[in-house]
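Have a look below at one chain only, the form predicted on its own, in structure tokens format.
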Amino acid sequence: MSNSAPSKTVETFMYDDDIVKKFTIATLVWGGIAFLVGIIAALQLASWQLNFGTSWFTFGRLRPLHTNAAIFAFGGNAIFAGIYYSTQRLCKARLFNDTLSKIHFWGWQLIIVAAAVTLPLGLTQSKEYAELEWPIDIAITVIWVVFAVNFFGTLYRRRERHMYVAIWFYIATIITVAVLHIVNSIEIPVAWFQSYPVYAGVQDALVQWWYGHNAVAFFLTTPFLGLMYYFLPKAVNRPVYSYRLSIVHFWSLVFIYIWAGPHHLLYTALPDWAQTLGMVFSIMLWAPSWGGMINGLLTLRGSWDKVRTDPVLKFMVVALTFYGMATFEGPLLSIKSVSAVGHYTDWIIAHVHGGTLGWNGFLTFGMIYYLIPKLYRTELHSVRLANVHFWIGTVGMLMYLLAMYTSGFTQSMMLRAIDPISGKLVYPDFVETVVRIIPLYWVRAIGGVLYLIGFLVMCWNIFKTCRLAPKHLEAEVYRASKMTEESNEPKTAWHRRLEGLMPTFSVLVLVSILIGSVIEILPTLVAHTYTPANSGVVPYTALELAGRDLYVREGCYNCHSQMIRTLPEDVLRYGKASLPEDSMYDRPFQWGSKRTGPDLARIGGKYPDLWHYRHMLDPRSVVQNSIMPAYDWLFDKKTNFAILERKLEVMQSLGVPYTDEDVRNAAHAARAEAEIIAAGLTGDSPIKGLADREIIALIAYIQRLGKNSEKSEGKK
């Protein structure tokens, strides 16, 4: 083998840092909005009056706006800023195409604006982290493809044969998010901003939480790990602790993470084998997750004096610490006995926000404090203000988490309390548990306000730093050698060689995430034994379907579940555990992820129509101390009967057993059913034409819940 050095060609080039600046500023703008909306939603739970009786301002509509703004607006823009900055430098190449960069930036901002408009209007699919309707889903797909082409085009043009570890995580992010989004977003349009998913009930729940858990994994974990692997060594000016640990961390994380989604559905109607599979792989995640945390923290070995004085490193150390905490707690919560305590309570809210505020938020803040002086070629305006931000943000975050952990444990212990002598619930009324934790909601809100104040201090500091920049910032010109022959890598360095084969590396990532996805999802999609055709379940009537869509529009799923678990306390409080056939025609499923109100799976027939009428008009008139807002507009707006034929037609095409006559007569049948319900309320309602109002359709849907067996018997 020749020992001569490979020939080199020296080239000059410039990085595109303008696009990095754009995404960084967008991160700050949308971050402020996301945090503010989160505080408003928190205050609405502490004081129901803060819903202000306005349809677009209720908790049910603002909560998905907050999560989408925090994840895809704040987190998404931070990811793109960090990836575009680091990829250029790791590849020693300008981004593939400036036009694609601009399309990516403005397209993503338009998607965020579309979400900010449609979600408060109630245009939602109600699937967590995937609420946006089909036109926006298509736009997301297009912009993600633009991003992927720009990224992989840059890798193709790289001047470094070796792909550094951060790029591995970027590749996994781009490929897996594309697969998740496409599979979970297969839906049939009903109107311009309404659709029904092709999956139903158990299948929809499994696909959604395969998506939902892995959206956290591959949008809020892998890209941020990539950013950590780049910015932490840069900030501390040391190489990453262990290259071998990076390899083990990456491949084990990518392969194992994709299996873990079913741990969100323990004790539900999901098949036991899927629940157990999700739990086992979730527990296995401890090892690779902590491998990443250890690799990051040990990179700081010998540099702790610098950590005490450098705010960038302070933020990153706390971020890594919270990453370790969150990735310990996640597998812990996936254990069935622990899930029985934590699921549907504020413990889950604490867990999620520990990861987002601590890991994603603080890592982003550290990255921005590092980036802005580099991009504007100046010093940070005030290290002191950065430290103020750090301590205010940390205190606020701890207040938030302690309040939610205490709230979650309190609620869980009360809801699970069973008198050992009588065998009855100690706290049969759900609202008792809500009243007890309201003071903790105030503490949570105060913690959120402190976190926002710290963020605003950062924005002021960044603004002043940008003002210090030279008036004329000319693009810097770089010189690098382009390899024209393969370097003499040792043949034993198999992973080094793999890093030089970008297409092969990417295909291996795709295979790694498809193995678990196919094994976990496919059997449930094709197995009809979970929802047998002879189950006797009758689909929703046209009016009930209209009411269900109103339930989704108002975001009721954000507080109420429709899934009675097999746990004794659930069965005692709500009735027999839910079966797969109970939701076999539910598109989308409504199993919920948090109970701020009682489960509604078998609420039908428990109260008369008048009770529900009064409950929606003034919740406290029938449930003292309720924190639910009033829904006055349901009594003013009229049900859209004209679209019901189209809705049933789409459902029929998806396999719901509506006859052609059912479809043709949808509007007429719905009106006739509405007249019957309205006739029973006429003496108690001053509203004329009550049968046409949305409240009647909603009552029809609520009264249907849990009544499948009676419906089937009636039809027979």
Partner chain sequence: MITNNVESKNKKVQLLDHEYDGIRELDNMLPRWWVWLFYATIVFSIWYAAYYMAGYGLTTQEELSVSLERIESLKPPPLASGEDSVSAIVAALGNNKNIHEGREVYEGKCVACHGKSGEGGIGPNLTDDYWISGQGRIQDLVEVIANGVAEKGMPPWADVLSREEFRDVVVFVRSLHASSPANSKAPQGEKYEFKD
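Positions refer to the first chain, counted from 1. This structure is a prediction, so every number in the text was calculated from the model and none was measured.
Omitted from view is the form predicted in complex with its partner chain, to which the following refers.
For this session: Name the single residue among P523, P135, G536, P568 that comes within 4.5 Å of its partner chain in the predicted complex, judging by heavy atoms.
Result: Looking at P523, P135, G536, P568 one by one, just P568 meets the 4.5 Å heavy-atom criterion.
Problem set entry | Contact residue in the predicted complex, chosen from L456, A577, V435, I182 - any heavy atom within 4.5 Å of its partner chain | So the residue touching its partner chain in the predicted complex, by this definition, is A577.
Problem set entry | Contact of R595 with its partner chain in the predicted complex (heavy atom, 4.5 Å) | Looking in the predicted complex, residue contacts with its partner chain do not include R595, since no heavy atom lies within 4.5 Å.
For this session: Using the partner position in the predicted complex, report whether W273 sits within 4.5 Å of its partner chain, counting heavy atoms only.
Result: Looking in the predicted complex, residue contacts with its partner chain include W273, since a heavy atom lies within 4.5 Å.
Problem set entry | Contact test in the predicted complex: P439 vs its partner chain, heavy atoms, 4.5 Å | Answer no; every heavy atom of P439 is more than 4.5 Å from its partner chain in the predicted complex.
Exercise. Should R602 be counted as a contact of its partner chain in the predicted complex, where contact means heavy atoms within 4.5 Å?
Worked result: R602: no, not in contact with its partner chain in the predicted complex.
For this session: Name the stretch, out of 400 to 408, 75 to 83, 603 to 611, 502 to 510, where some heavy atom lies within 4.5 Å of its partner chain in the predicted complex.
Result: Within 4.5 Å of the partner lies stretch 603 to 611.
Exercise. Should the three residues V388, W391 and C466 be counted as contacting its partner chain in the predicted complex, with contact defined as a heavy atom within 4.5 Å for each?
Worked result: No, because V388, W391 and C466 lack any heavy atom that approaches its partner chain to within 4.5 Å in the predicted complex.
Exercise. Does anything in 409 to 445 come within 4.5 Å of its partner chain in the predicted complex by heavy atoms, and if so which residues, in order?
Worked result: Residues within 4.5 Å: I418, D419, P420, I421, S422, G423, K424, P428, D429.
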